[in-house]
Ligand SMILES: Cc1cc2nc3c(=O)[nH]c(=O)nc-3n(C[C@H](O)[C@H](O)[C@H](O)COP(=O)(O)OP(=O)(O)OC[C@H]3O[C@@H](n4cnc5c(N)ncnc54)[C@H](O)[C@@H]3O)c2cc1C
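A single chain, nothing else alongside it, follows as structure tokens in the form predicted alone.
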């Protein structure tokens, strides 16, 4: 008699493991399969900020022209490597179609629902499960050196306030007096008091620990090769053999479009692109910022934990190019030197790059896979996977249970991109 799992989650990144935990809390049996190792994607090296303030999407008015201007600068915050790639250009065409005020606001409202739910739910999880991940309810500051950039940065604040984000605008001299870690000469800052921070690689490890402690199974080096979905259940052909499950959740992050053929969802290959980010992690320097900073003139994030200090960000569309480009890492350090008294720690622990799962409207893809009975998607979280993880897990658990979800799922429905 064949062994049958209740739910198989494909992907052991932050979203897959959070989904597994929410399902286990709902009384479901869960097996997680991972093609590589736990947390081997963007869950590992991002900056770990939990940010309802980051609801506005990348697809914004004026973004297309900005991207075209930056194409000649390989160290630009947003860089598209010129190449012949029909899938990328189709994705860019769809992305460009969203760069208008109406769609920008609709995407921001959708993302805000999940970010706010996750922010509250994450605190509950940390308390209930004892997640040791250096979590701090720190708030976050956007810091501007340019007066023009400071003025532009305030254009979205009315919408954020409407979405419940606690916003404080601080003039430059006042901010310099409050934050001894920055160099004098700040033009202004915007503080988001409700944001938080954690160490993402430790958060992922802790999720995996709790999943296992609650009876879940995690199989690493187990790649999905083909999925058969029927009324009787799902058969997963993997590199480690065939698995059978009542239901399947595909939470493969940036690798989700590479599974489009395997899961019989060809549209997914054109709905997502890997967005490459970079980070450098150091031992903490003697003077660190009091809360996470976003150096907005360069789009560089600065985070510190008791165990480390990280510079990160940038968005590069270059496919799954694994090269760690020194020029882009140098751009992180250059921004830090222009802004911080202590721009680096005494020891470099890691130079990293990884891929974020970017949907063409910068809104997650969560819900039943169109045309399938037993397969669900939880992917496309862009730069917000850590911050949306707990809410996504609960939303998937609600949908699989057939009950009214805590978050309206309509904006995340995969069907919106499947046409």
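Numbering follows the first chain given and starts at 1. Keep in mind the model is a prediction, meaning the values are calculated, not measured.
Another form, the form predicted together with the ligand, is not on view; read the next lines as being about it.
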Quiz item: Any chance residue 370 has a heavy atom within 4.5 Å of the ligand in the model of the complex?
Solution: no
Exercise. Using a 4.5 Å heavy atom cut-off, state whether residue 47 contacts the ligand in the model of the complex.
Key: yes
Quiz item: Is there any non-hydrogen atom of residue 375 lying within 4.5 Å of the ligand in the model of the complex?
Solution: no
Exercise. State yes or no: in the model of the complex, is some non-hydrogen atom of residue 278 no more than 4.5 angstroms from a non-hydrogen atom of the ligand?
Key: yes
Quiz item: Going by heavy atoms within 4.5 Å, which of 385-393, 359-367, 22-30, 55-63 lines up against the ligand in the model of the complex?
Solution: 385-393
Quiz item: Looking at 255, 282, 142, 175, which has any heavy atom no more than 4.5 Å from the ligand in the model of the complex?
Solution: 255
Quiz item: Among the candidate residues 259, 331, 302, 227, which is the single one with a non-hydrogen atom no more than 4.5 Å from the ligand in the model of the complex?
Solution: 259
Quiz item: in the model of the complex, which residues of 183-217 put a heavy atom within 4.5 Å of the ligand?
Solution: none
